[in-house]
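Only one chain is shown below, in structure tokens, and it's the form predicted on its own.
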Amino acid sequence: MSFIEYGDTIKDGDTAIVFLGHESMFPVKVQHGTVTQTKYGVIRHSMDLIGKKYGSKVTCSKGGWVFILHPTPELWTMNLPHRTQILYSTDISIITMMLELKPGSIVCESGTGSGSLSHALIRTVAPTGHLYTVEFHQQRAEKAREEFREHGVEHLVTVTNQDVCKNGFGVSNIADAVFLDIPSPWEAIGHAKAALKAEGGRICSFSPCIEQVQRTCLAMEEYGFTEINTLEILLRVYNVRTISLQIPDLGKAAEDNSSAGFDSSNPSNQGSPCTNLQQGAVQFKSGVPQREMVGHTGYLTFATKSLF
């Protein structure tokens, strides 16, 4: 199993996603002789999972059922164990696009955190690119290495435990893009410039506070970065519903039908607009925004390393 290569069959040692519903799913490490408890009963890994195809519908001991899904960076973002605050798909998608990442790209990242963005970056640059990710906290760095190894992507990522503001990324003039998610990104701008290729590259900094953005933009200007701009991404979800709307009785249609001798019982008149008017209501599909939405997550500041 690998997060970047789809496998058809569930194997011992795989990380799979147990899907109970859109609002209820969780990851599980598949192991011989192990059982997993759900609200629908027990899942026996040896009998119910190993050897089955991903996407299979599995019946639990109480008679309920779940789906077993192949892991993806998007599913991992929704289900990973949180060691830190994480980035979600809304911000990750714009980061990947604005940094102009593609297969073969070299990316530097700090900090690794829970690995949400890291998995998406790895899939984007695979199979010939590489991610150099720096984590200040030793235990988080060790856990990230372990997860990358279990997820079959360790050959595409190098995890370093150090302070990026003091020691940089450990590489020079090789990166196509740099991403910063640290408390004081302005202190790492110089190291980011050193890590980027001599012919230029892109940088992104994620900060929750506008004061951080201001200091980061000043540092970017000081180090000669150009095309500096800041974005905030807000996702608004709409539910598609069937709406029933009463048709107002304006009087004219009824008078016209009467004068023309309109007969609603005549099969030739069935389905006409006038029939709908006789019924007094019409149904149609409409998008209705949810009452609640995710608000501010952070500001994304992008810039380009100048060639001059």
Partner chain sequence: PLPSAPRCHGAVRAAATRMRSRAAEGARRSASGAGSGREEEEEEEEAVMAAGHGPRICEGECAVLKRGDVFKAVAVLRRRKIIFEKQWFYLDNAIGHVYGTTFEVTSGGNLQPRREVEETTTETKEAGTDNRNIVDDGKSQKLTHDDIKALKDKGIKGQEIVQQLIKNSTTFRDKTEFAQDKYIKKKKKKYDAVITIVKPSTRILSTMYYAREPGKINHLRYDTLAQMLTLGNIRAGNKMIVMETCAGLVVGAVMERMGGYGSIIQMYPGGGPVRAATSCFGFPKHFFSNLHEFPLSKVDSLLSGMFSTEMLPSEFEDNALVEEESNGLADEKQTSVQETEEESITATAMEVNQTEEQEKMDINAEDIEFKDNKEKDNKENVREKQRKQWERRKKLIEAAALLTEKNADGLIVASKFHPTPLLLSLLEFVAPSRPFVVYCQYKEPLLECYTKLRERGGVINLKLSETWLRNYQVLPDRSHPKLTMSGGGGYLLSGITVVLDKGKSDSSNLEALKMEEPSSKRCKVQDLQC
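What you see is a predicted model; the values in this text were computed from it and never measured. Positions refer to the first chain, counted from 1. We call the rigid core the largest set of C-alpha positions that still match within 1.5 Å between the two forms.
The same protein also has a form predicted together with the partner chain, omitted here; what follows describes it.
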| item | value |
| --- | --- |
| Interface membership of residue 42, the partner chain in the model of the complex, 4.5 Å heavy atom rule | no |
| Any non-hydrogen atom of residue 73 within 4.5 angstroms of the partner chain in the model of the complex | yes |
| Residue 80, heavy atom within 4.5 angstroms of the partner chain in the model of the complex | no |
| Touches the partner chain in the model of the complex: residue 69 (any heavy atom, 4.5 Å) | yes |
| Partner-proximal stretch of 185-193, 139-147, 214-222, 156-164 relative to the partner chain in the model of the complex, 4.5 angstroms, heavy atom | 214-222 |
| Contact set, 97-114 vs the partner chain in the model of the complex - heavy atom within 4.5 angstroms | 97, 98, 100, 101, 102, 103 |
| Threshold 2 Å Cα movement between the shown form and the other one at residue 296, rigid core reference | no |
| Core-superposed comparison between the shown form and the other one, residue 243 Cα displacement 2 Å or beyond | yes |
